[in-house]
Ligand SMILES: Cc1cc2nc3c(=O)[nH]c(=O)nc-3n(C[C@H](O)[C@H](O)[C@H](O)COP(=O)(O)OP(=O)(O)OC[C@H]3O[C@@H](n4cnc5c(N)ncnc54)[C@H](O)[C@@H]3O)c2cc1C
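Before any questions on binding or motion, here is one chain by itself as structure tokens, the form predicted on its own.
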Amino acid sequence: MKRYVIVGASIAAVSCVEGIRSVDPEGEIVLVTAEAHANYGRPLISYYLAGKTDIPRMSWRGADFFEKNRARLLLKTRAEKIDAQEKRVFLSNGETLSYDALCVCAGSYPFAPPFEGIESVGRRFSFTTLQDALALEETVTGTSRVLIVGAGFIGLKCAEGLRDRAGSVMVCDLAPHAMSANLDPDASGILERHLESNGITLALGDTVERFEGGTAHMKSGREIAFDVLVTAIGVRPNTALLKDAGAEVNRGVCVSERLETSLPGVFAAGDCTETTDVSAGASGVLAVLPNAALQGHAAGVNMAGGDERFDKGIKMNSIGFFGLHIMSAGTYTEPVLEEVTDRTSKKLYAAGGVLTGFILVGDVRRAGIYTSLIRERTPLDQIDFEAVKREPSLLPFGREIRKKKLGGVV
């Protein structure tokens, strides 16, 4: 009987268990995570703060998932070292796990530059885990002035979660626009107006130069008083465990389409990996939930002796703020459609005869059609693209493409 060890217990790791069990119903599975909670949807932590969900409903696959899949779960336990030659993992609790196949789903860690005076801030937090949300829940009161550094999706989701819990919420960012890494100025403008209309104060094009206790001294010269600080500037792939073990690492852990690392019998999946973005034709870190789920499942299948590939990865985001829905995906090359109003924006991008990306704000209907076109690299001359641009459905697709997408039903 094979033993499978998985480092991590979030979406990629849970999907890895499912992949293993689809091939091997009997093998032993052990998961190791430093977190106190497992099998929850990280995008839901802002909704927990906002009181729109609770911990049981945040479960990704149900509270009995590990029991049903006969998987042993070690919480609050860190994987500290991998001996790839002897096929062993050394844990923080003193236990050593041998393995036949190992998958590292180590995710990412919050990154913040070394702000001057940051150590003088008493109540400071990040916002990437359920434990972060629980800590903020304990700390923030109805009179708290919250300063969030970072206007990406993590910082803005934190702002949304705290809006009704805090006295005030301000978000600052050196970039001139909100979510500047994912949206263009038109889309960002709609988002910014919507956030401000919902009580979030924005200080864009400005960031902290130094902290002095509960005061942030900004680059503009402005001084901002606060009670609670959240740093949400970004995350970095958690590659240290595999790098120390001798695996090939660039920005993320290098893996094949089968999610194999350069170490024999060792796989990796999720936000710690670096894979090919088919919309750009280049390698990169594709740190979003759908990719983590697909990678984890493929890794599990291959660990158990099957054959599954992750070869349709793209950058994508699906997010909402106070009822405003936003979806973006792929690479923004040459625009082939631009429709912008005060409240909505729809832009499609193409290159080389295929759709490469899109940005949708306010109206995200049928975004799955666009995502499928990007993932599948469908030649636009094989479909009625003019019809797809305006009102996406499967009808403008040729019979053979519809047959493939609908599993033989046309």
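Start at 1 and count along the sequence shown; that's the residue number. Keep in mind the model is a prediction, meaning the values are calculated, not measured.
As for the form predicted in complex with this ligand, it is not shown, yet the points below apply to it.
Site residues T33, L241 and L289 are all in contact with this ligand in the predicted complex, judged by any heavy atom within 4.5 Å. Among the residues I319, M218, V336, A181, the one placing a heavy atom within 4.5 Å of this ligand in the predicted complex is I319. Of the residues given (C105, V171, L162, A329), C105 alone sits with a heavy atom within 4.5 Å of this ligand in the predicted complex. Note on the interface: of 117 to 125, 218 to 226, 75 to 83, 255 to 263, the segment with non-hydrogen atoms within 4.5 angstroms of this ligand in the predicted complex is 75 to 83. Not displayed here, this ligand is kept clear of C16 by more than 4.5 Å at the level of heavy atoms in the predicted complex. Though the partner is left out of this view, A269 does reach within 4.5 Å of this ligand in the predicted complex, counting heavy atoms only. This ligand in the predicted complex comes within 4.5 Å of no heavy atom belonging to G362. This ligand in the predicted complex comes within 4.5 Å of no heavy atom belonging to V5.
In sequence order, F153, I154 are the residues of 135 to 167 having a heavy atom within 4.5 Å of this ligand in the predicted complex; the partner itself is omitted from this view.
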